[in-house]
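Here we start with a single chain on its own, the form predicted on its own, put down as structure tokens.
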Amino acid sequence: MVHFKTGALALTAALLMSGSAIAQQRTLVFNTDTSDPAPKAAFDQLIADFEAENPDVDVVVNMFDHEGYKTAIRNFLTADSPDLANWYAGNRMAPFVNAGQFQDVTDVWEANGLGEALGSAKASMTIDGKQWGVPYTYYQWGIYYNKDVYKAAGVTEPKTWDEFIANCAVFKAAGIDCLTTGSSALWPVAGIFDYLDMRTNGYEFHMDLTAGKIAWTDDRVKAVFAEWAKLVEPGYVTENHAAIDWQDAAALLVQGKAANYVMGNFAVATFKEGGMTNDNLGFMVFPEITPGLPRAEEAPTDTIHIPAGAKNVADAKLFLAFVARADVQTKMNGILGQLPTNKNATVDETDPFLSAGFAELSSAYALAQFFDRDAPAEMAKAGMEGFQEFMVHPDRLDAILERLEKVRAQAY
């Protein structure tokens, strides 16, 4: 852990103050794992701007590395609580809320109109009808596709799942993988499952499944795999996906050997390094399966919370209101290269993928966090292994679901 003071402005101001003035300085302790270069730069700027607007508040940052933080947060929430802490939305947030370790900040949401401004992220920040933190950044998932391949095959961007599957037959006839993925690391196929489940059964069902409230042998879960089988059984997916990683699959899209890829926006840099441009790389929202279901999206969301043991709650709430603002999120996400959760913020309009993602997520009904964030570690590992196995051996579905049901009994 690195402990440091940010904000040259606050430091300079403190040096100029008299001893009595310094004594009135209020301290806000912030524990964070934003140690990578872009997040660290974004938070340094965020805190400097907050201190400039609130010169009587002194923000002290305790910096942890990512892996260390996962353990540290469990310790400091019970022992030596800060006033603010980074974490994640959805089911990753729930254990701390249920244990009484995060404070209810519904009043911050109501006083600042966040239900409207942060509308798409509200469901993932809500438990028992109350909000338990503020989201400040996320990024989209969806389907990235090769426009040149679409054009050569004479097909157009599908609006429904039936149209997507119909396109797959055309691509296969042309010797092209309709969908590529690399499942050697397992997680890429979890994105496919999440979208198929949310589009077949809806957001609430998906969150209940990842929270362990629904049996994996449920007919509604089997309905998800029936949709997946429409891709797998005719051979529309890259055959050796289990032997390659996600970057190898990205190369197939770049080379025109594959048409579509379910992936997060971080992959755009990899596609472009391979030689794709804004002219031939396309992005689409995952198409509708069950007509009329409210559209939920996959958008891993980073959040800030007030621990139950916070000593300076008033300034912590002031900070949450600040980080929720459209102008603050615009500036912050410009540094992060990600998307602001405030729909009134702006993004770099020269980047069509950020613009498309911002439109996709700002208008979504709700946001899932990704299977390995929404499900506990034991369930996530078994689930992703099962998804990969199904894609290689779809005939084993019943045995896979029975195995996952046994894990569910233990994992929760």
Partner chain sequence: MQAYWKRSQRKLAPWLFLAPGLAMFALYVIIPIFQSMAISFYDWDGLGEKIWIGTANYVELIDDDAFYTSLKNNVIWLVLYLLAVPAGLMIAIFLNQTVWGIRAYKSLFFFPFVISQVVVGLMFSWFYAPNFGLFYKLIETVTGDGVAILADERFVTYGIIVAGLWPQIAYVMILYLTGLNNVAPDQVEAARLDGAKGWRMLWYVILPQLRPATFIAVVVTVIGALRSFDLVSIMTNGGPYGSSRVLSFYMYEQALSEYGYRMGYGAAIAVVLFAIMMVFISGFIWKMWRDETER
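Positions refer to the first chain, counted from 1. Note that this is a predicted model, so its numbers are computed, not measured.
The form predicted together with its partner chain is left out here; the points below concern that form.
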Its partner chain in the predicted bound form: contacting segment from 147-155, 99-107, 273-281, 119-127, heavy atom within 4.5 Å: 99-107
- prompt: Taking its partner chain in the predicted bound form as the reference, which of Asp348, Asp56, Glu378, Asp65 has a non-hydrogen atom within 4.5 Å?
  reply: Glu378
task: Would you kindly say which of Thr71, Thr217, Gln247, Thr160 lies with a heavy atom within 4.5 Å of its partner chain in the predicted bound form?
output: Thr71
message: Is it the case in the predicted bound form that Asn240, Glu385 and Gln388 each bring at least one heavy atom within 4.5 Å of its partner chain?
response: yes
field: is_contact(Thr78, its partner chain) in the predicted bound form, heavy atom dist at most 4.5 Å
entry: yes
task: Using a 4.5 Å heavy atom cut-off, state whether Asp372 contacts its partner chain in the predicted bound form.
output: yes
message: Under a 4.5 Å heavy atom criterion, is Arg92 part of the interface with its partner chain in the predicted bound form?
response: yes
Within 382-412, the residues that have a heavy atom no more than 4.5 Å from its partner chain in the predicted bound form: Met384, Glu385, Gln388, Glu389, Val392, His393, Arg396, Arg403, Lys406, Gln410
- prompt: Which is it in the predicted bound form for the CA atoms of Phe102 and Tyr203, closer or farther than here, knowing they shift by 3 Å or more?
  reply: farther
field: CA-CA separation of Asp208 and Pro95, closer or farther in the predicted bound form than in the form shown [shift of 3 angstroms or more]
entry: farther
